[in-house]
Structures are given as structure tokens and as C-alpha cells.
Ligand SMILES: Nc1ncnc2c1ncn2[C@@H]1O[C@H](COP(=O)(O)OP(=O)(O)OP(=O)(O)O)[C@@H](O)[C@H]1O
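A single chain, nothing else alongside it, follows as C-alpha cells in the form predicted on its own.
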């Protein structure tokens, strides 16, 4: 469905020297330097997959998405979606994709939502019978009925995001690009939108590329992750593979009457000074120790803890995906 090979995007950046003289010089005799935003990225996405596409700010995610949607032309490399080149086959290509860019709406601000969908129906040339059945499906999945007669400018953020997703799906696209679809939403609305995306994916086999900083979205919706940093691939695999390869961080949760567990435990002795992967948090009776199980095995961590203080309850959990990725970026995964 989606085939990306050796994708590269370069920009020219004007170098401005300081002061008024520098401003005149950059105006009449500008100096430029080459900036590589995306550097030889490759991946494939089969039909019907939800791919989590992640990376830190400035990693090149948005540039990749803009090339996949045809907004930007690659400097070099191959980018093909459903057999079409996004920039060469622009007119026919946009009929096969849907795009939601976070806080940027594609809806008409002063029109009632229902009229906005009628305008989009004409733009995408959706037949009347198909439009009727499509709106019925989208109403059911995204619960639009409560606000479909309201002007877009009066909608809450959660309502507008549901409305934007519906607009992107009105013409039954084969591929859906979602850029931060749950940004700024409360927990309940996020869950509703995740459920809607999952339902649409399963019902219609729509291929989804999901870009987000909310890694709960990734864990809820995606089995596979492509991670980029500084314009390059740094990981391509399943969530479980990521945890197996990089996720040796464990969390020991326990309750104790000790008011200062950190002092009583003296984990430094157990870790022999190698405590870079150890953090300890205590709130009342509840204590959370995050540690690297490749340095100290779970069994030793448990035995040591139980031998040092009185514990009323204890459990070991895997660190969540957000913690794993945060540590990866701190360590500089692309070095």
C-alpha cells in the first residue's frame, strides 16, 4: 500500500550575519547552507495497518508526512502510495487519502457542520446515495448528530476533532494520515476518538499513519512503530520488539511504613555505583523504583528490597512505552 524508499528532503537556509550590515548583505547577496530534514528514510506499510510514526520535535516527521501527502516534493528517493506518486498524480491521488493535521481544521468556520459536509461532497464528487450511507456510518461511529447543525466555530475542541476526522473520511479514502489527532483533548474524548479510529480501521481496512506525541495513542492503536530522529530511521518494528530490545527498564511498586524508603534501601550498594538507570519516587506509603534489569535482575531487586524494609504490598511492571522512548532519546539513539 505505502512504499517509501531512500526518501530524502533538503532545504536551503539563508545565513544572516548579525546587525544592519548583515541584514543588507543577506538581502542583496545571501549566503545559504543546505539543511537535510529527511535523510534516506525507508519503510513499507501494508493495507489495513495502523502505523505509529513517532520522533522528537524536529526529527522530520512532519516533513515525511508532507511528502507522503504530496504537499512537498522529495529531493530524492521513492514515495508511492497505492501505486501512485503523490506529487505526479496529485489530482487522482488526493481522492484516495484523508488527512487530519492536529489543530488545523479543514472545515469552514462559519458554516454549519452539515453544510460543510455538503460542500465536501461536491468537491469529492460523492454520489448522493453513497453520501447518505457514508454520513450515516460516520454519525454512528463519531457521534456527530448532537452538533451537526452547529456552526464549526461554536464546536468544542473534541467535537471539532471528530468533525475533522469525519470530513477526512467522507470520500472513503484508502489511506488516512492523522497528525496529533488527540492533542489537547481530555481523557474521555481521547478514548472515544481512539475507539472510532480503531473501528474504522477494522470495518473498512483503512490504512492509517498516526503521528503523535501521546504514546498512549500508539499503545492503544498501533502494533508497529517507525521511529525517526534527526531525519533518519532509528527503529522499525512492533511495540513488543521495542520493549524487548530497549525496554529492560522495570518498575518495582510497593507500599511500606518507612517514611524515607530511599535512605532505608540504599540501592546504591546493590547497583555497585552503576545507578544510571535507577530512579526512586515516594508518595506517602507508595514507592516506585524504576531500574535497569540488565544491570540488576528483577529477582535480586525483589530479594534486596524485601530484606531491607517491611513491605505490605509489592509488584513488578514493565516500564511503559513513553518511558522507553524518553530514555532512548536521552541516550541519543541515532548516534
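Given the structure is predicted, the values throughout are model-derived calculations rather than measurements. Residue numbers count along the first chain shown, from 1.
One more form of this protein should be noted, the form predicted together with the named molecule, which is absent from this view; the next part is about it.
A.B. asks: Against the named molecule in the predicted complex, would residue 294 count as a contact residue? Criterion: heavy atoms within 4.5 Å.
C.D. replies: No, residue 294 sits far enough from the named molecule in the predicted complex that none of its heavy atoms falls within 4.5 Å.
A.B. asks: Consider residue 245 of the chain shown here, and say whether it contacts the named molecule in the predicted complex, taking contact as heavy atoms within 4.5 Å.
C.D. replies: No - in the predicted complex, heavy atoms of residue 245 and the named molecule never come within 4.5 Å of each other.
A.B. asks: Verify the contact flag for residue 130: yes if a non-hydrogen atom of it lies within 4.5 Å of a non-hydrogen atom of the named molecule in the predicted complex, no if not.
C.D. replies: Residue-level check for residue 130: no, no contact with the named molecule.
A.B. asks: Using the partner position in the predicted complex, report whether residue 57 sits within 4.5 Å of the named molecule, counting heavy atoms only.
C.D. replies: Yes, residue 57 is a contact residue.
A.B. asks: Tell me which stretch of 303-311, 49-57, 262-270, 279-287 has a heavy atom within 4.5 angstroms of the named molecule in the predicted complex.
C.D. replies: Among the listed stretches, the partner-contacting one is 49-57.
A.B. asks: Contact check in the predicted complex: 1, 96 and 121 versus the named molecule, with a cutoff of 4.5 Å between any heavy atoms. Do all three pass?
C.D. replies: Heavy-atom distance to the named molecule in the predicted complex: none of the three under 4.5 Å.
A.B. asks: Among the candidate residues 253, 114, 199, 213, which is the single one with a non-hydrogen atom no more than 4.5 Å from the named molecule in the predicted complex?
C.D. replies: Contact check passes for 213.
A.B. asks: With the named molecule taken in the predicted complex, which residues across 177-201 come within 4.5 angstroms through any non-hydrogen atom?
C.D. replies: Only a single residue, 180, comes within 4.5 Å of the partner.
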